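One chain comes next, on its own, written out as structure tokens in the form predicted on its own.
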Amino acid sequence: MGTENDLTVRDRFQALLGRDDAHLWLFGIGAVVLAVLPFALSTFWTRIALGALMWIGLAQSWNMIGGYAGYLDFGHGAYFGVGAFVTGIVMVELELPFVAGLLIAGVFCAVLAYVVGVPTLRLSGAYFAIATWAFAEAIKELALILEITGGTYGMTFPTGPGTSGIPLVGWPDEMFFYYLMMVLTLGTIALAYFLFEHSEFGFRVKAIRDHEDAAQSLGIDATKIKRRVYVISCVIAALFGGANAYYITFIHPNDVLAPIITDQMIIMALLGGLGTIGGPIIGGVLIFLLNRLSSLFLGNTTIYLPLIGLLIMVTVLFAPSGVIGILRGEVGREDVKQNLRELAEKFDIL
């Protein structure tokens, strides 16, 4: 019988998750650490932390529809871009502060997601994925030709004191945007936790994901439930899009509506673990840091792409439930050995 010192990281993680209040403790500790983190970091690393927070929130928003509801949404990044442009239009054309623009962007994207979700959520599998991808491409092309979005010239946001619309905030600086992203990300995680892990609504969503026909036979309105999840996840992506646009001050359709935005959300959720709270957090941090640190230390901004491809290949082959699955003990050494044997036999390596 092993002593406490013999416990592995996985054992400690499983013991921690076994507590009834584990998630609340983790959330509380995480919130405190994030709140004081900027005071211990340089401006450069604060920017890195800010970016990681944004991608954690975006991955968590995609995880709502892709992980919990089981719908492969290839157009999720469109709402990130629409949120950015609507926020900018409100600030530039209506001369309203950022907060007003962000709220209006959230409402606008809620209506847009509802309208788009009515026909597309009647599809499933590859058909839904293709439909949402086509929607995202259409939005991108529309943004490139509309005058109100700046077209091919892009849009510049107003900056300076008074543009945030938040009392006591003068000129928005790095710390302001860090805490803005922190609040949005922690809010997204808390919403996902209570909505999908500790509510009847979450159990209904999972029932639909696992077997939609069986769920409907039990009286669950699958169409209404899926539409609600879709709207919630898209609004969250829009809020992050608006916040990021105000932070970088200039946006272009080829940037904020690029397909890679959706791709990275999917990869982060998949690597960390679909349909879990911790999966997008782990995947978001790993992928974002891999991106930034490869650029910083290797001087190459694209080398992380094949590295991500390798990570996803290994994850799909040996740990389909992601890093969270490994930590939970769902994938052991024998599983890896078995997968290696089957792979070797399939390609006649042995």
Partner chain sequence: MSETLLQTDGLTKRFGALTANDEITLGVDRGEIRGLIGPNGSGKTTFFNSLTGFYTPDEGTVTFDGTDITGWESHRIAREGVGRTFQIAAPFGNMTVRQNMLAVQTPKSVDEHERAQEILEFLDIDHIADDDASGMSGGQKKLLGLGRVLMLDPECILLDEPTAGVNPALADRILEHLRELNDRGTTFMIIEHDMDVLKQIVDTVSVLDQGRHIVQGTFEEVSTDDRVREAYLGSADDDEVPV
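Positions refer to the first chain, counted from 1. Computed from a predicted structure; not experimentally measured.
Although it is not shown, the form predicted together with its partner chain is what the next lines describe.
Okay, which stretch from 81-89, 111-119, 218-226, 233-241 lines its partner chain in the model of the complex, with non-hydrogen atoms inside 4.5 Å?
Only one stretch qualifies here: 218-226.
Check F203 for me: does it contact its partner chain in the model of the complex (non-hydrogen atoms, 4.5 angstroms)?
Flag for F203 set to yes.
Applying a 4.5 Å heavy atom distance criterion, does D210 contact its partner chain in the model of the complex?
Judged by the heavy-atom cut-off of 4.5 Å, D210 is in contact with its partner chain in the model of the complex.
Closest heavy atom of L94 to its partner chain in the model of the complex, within 4.5 Å or not?
Close contact is absent here: in the model of the complex, L94 is far from its partner chain, nothing within 4.5 Å, heavy atoms only.
Should A126 be classed as touching its partner chain in the model of the complex when contacts are defined as heavy atoms within 4.5 Å?
No, A126 is distant from the partner.
Which one, A214, I248, I148, A138, lies within 4.5 Å of its partner chain in the model of the complex by heavy atoms?
Checking each option against its partner chain in the model of the complex, the one that comes within 4.5 Å is A214.
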